[in-house]
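Below: one protein chain in two forms, given as structure tokens, structure 1 then structure 2.
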Structure 1
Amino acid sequence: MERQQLIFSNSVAAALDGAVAAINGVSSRFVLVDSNTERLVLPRLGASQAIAGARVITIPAGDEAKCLDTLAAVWNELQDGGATRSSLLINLGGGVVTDLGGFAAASFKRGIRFINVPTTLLAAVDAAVGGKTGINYRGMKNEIGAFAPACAVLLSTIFFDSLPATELRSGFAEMIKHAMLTGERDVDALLDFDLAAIDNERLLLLLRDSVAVKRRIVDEDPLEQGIRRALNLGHTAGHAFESLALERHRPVPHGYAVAWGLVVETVLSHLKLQFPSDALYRLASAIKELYGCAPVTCDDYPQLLHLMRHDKKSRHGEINCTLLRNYGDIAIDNAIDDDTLSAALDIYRDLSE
């Protein structure tokens, strides 16, 4: 898989034009936005020649739009706009736009080139980087997709001022995950960061460090055959929380579900690998303060376990998690039995009260 070019710049229009100019033989340009980024972000890029000459494709905002019908609508727009294999798609938005847009580009005419311009912290630190693309299918998160790297990912903090606090926290959860994969000092730096009074320059530095963690792991294992599964920390339980909420038509932000999943899987790490209890308590307290508690009871455990078994990381119907012996000491591919998982959910709920 090709290595993505990562561009960190708050001069987004100029940086985007430079990124497009560096791609040879672009015959036409398309810009994918959702209804929010069309209104809040697109007008701020009026100085960009790459945007000015492009056909704009707008999809609905929200995770429920990350579906086959929306994907087909994007294909239709590309086809109706005369897109060829030499066309370029610019994905301007959050994780739904970059995930779905990347998959639309990867699959249209067996692949056209694309650039990601994430406009949310979550997309910047997670969805837009690493080459994973896809859509939700039949209630399962990211069930259909492909590995397809963007030609470039343009990372900036200038659009975050339009985000509600829940969106910032959602992205911050993925940054906490990356720090947990690195070491205690990195975790402390994030848990001490004040999300209520954001220093954008400091956040940009933290974002650069966080993306570097993901990039280092992706470069080592681009197709998720080994260590890249470390990036699934918190996601086996987190995706189950998220899918259950979708089933009930009460969706929760992805990062909130991941944050709850990080605590559940750190509890599992403590039970199975002796992860330090003091670090677990501090993490659980910080997650509770930022994200509250997952809205589940013991009656939900059977469905949560069912959803975990159908997670992409499950190979033979088992529940599979990435765990930690300590911060930075990673253990991938841990099969978890139902009783242990139920016990971990009980402890998680106790820690979150």
Structure 2
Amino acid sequence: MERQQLIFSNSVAAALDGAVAAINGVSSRFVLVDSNTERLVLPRLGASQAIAGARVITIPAGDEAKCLDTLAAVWNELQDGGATRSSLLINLGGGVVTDLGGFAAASFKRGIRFINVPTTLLAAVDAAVGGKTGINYRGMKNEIGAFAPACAVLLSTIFFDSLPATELRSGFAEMIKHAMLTGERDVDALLDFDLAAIDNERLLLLLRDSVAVKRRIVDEDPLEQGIRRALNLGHTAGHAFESLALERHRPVPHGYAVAWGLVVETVLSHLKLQFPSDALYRLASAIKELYGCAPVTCDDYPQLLHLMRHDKKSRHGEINCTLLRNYGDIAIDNAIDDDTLSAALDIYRDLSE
């Protein structure tokens, strides 16, 4: 797949206009927002020529909007607005806007060009690499979609102040994961960062490092056959926490579940691969401070194990994790037996008390 051009800048209007000017033969421009980004983000881009001349398409905010009805509504607005094969769509919003908008563009007239401007930290880390677009369909996440690269992804941190703290922390968990795949210095840089009083320029640099890690791993293994599974770090246990919470009708944010999963899988790394205990303690303490503790007791272990065995990453009903010998020293495809996992969950709960 073609590479997406990544632009890291907090001078968003100027950077966006530059990105649009660099695209040849654009006949007309459209900008996709949700009701939140229309109210909170669009007004802050008043200086952008690209936005000023664009027709605005607004979809409802929230995950439920990532559906076929909304997709068709976007197609309709493109059609009614006279979009041609040379039109450009600018997706300005969180993951729903960039995922759905990307697929709307990828499928309209067999593909028009689009630019992503993610406005949440999670969407920034997600949308920057990989070119995945799509919608949810009949209860399945991203069931309908395409791999389609944006012409450019404009990454900025200035919109994150409009987000609830929970949302920001969710994205931050993915960055911690990327740092853990790289080295101790990267992890320390993140854990030392003050999320309560954000330094935008510093966060932009951290975001750039984080995206670079993801890109390096995806480039190395585009077909997801080996090292790319490293990106699943924290997600085997994390998904189980997330699903359990959902079953109990007390959902937790995805990023929080991943953060808890990162600690559990680092405990496993310690038990199986001698991951150093001092680094584990420091991580567990930082995660506890930012994300609290997973709401589980030892009575939940059987159900958590069941969920992990049926995770799509597991094969032959065997629980399978990415582990670390140390930060940056990755071991994919570790089979984990039930006793070791139960022990790890015990230790995790001790560390998070």
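Bear in mind that the values here come from a model prediction, so they are computed numbers and not experimental data. Residue numbering: structure 1 sequence, from 1.
Novice: Can you tell me whether structure 1 or structure 2 is the form predicted on its own?
Specialist: Of the two forms shown, it is structure 1 that corresponds to the form predicted on its own, while structure 2 does not.
Novice: Treating the motion between structures 1 and 2 as two rigid bodies, with each C-alpha assigned to whichever superposition fits it better, do residue 317 and residue 146 fall in the same part?
Specialist: No; in the rigid-body motion between structures 1 and 2, residue assignment puts residue 146 in the other part from residue 317.
Novice: Can you give the rotation, in whole degrees, of the smaller rigid part against the larger between structures 1 and 2?
Specialist: Spelled out, the smaller domain pivots 19 degrees relative to the larger domain.
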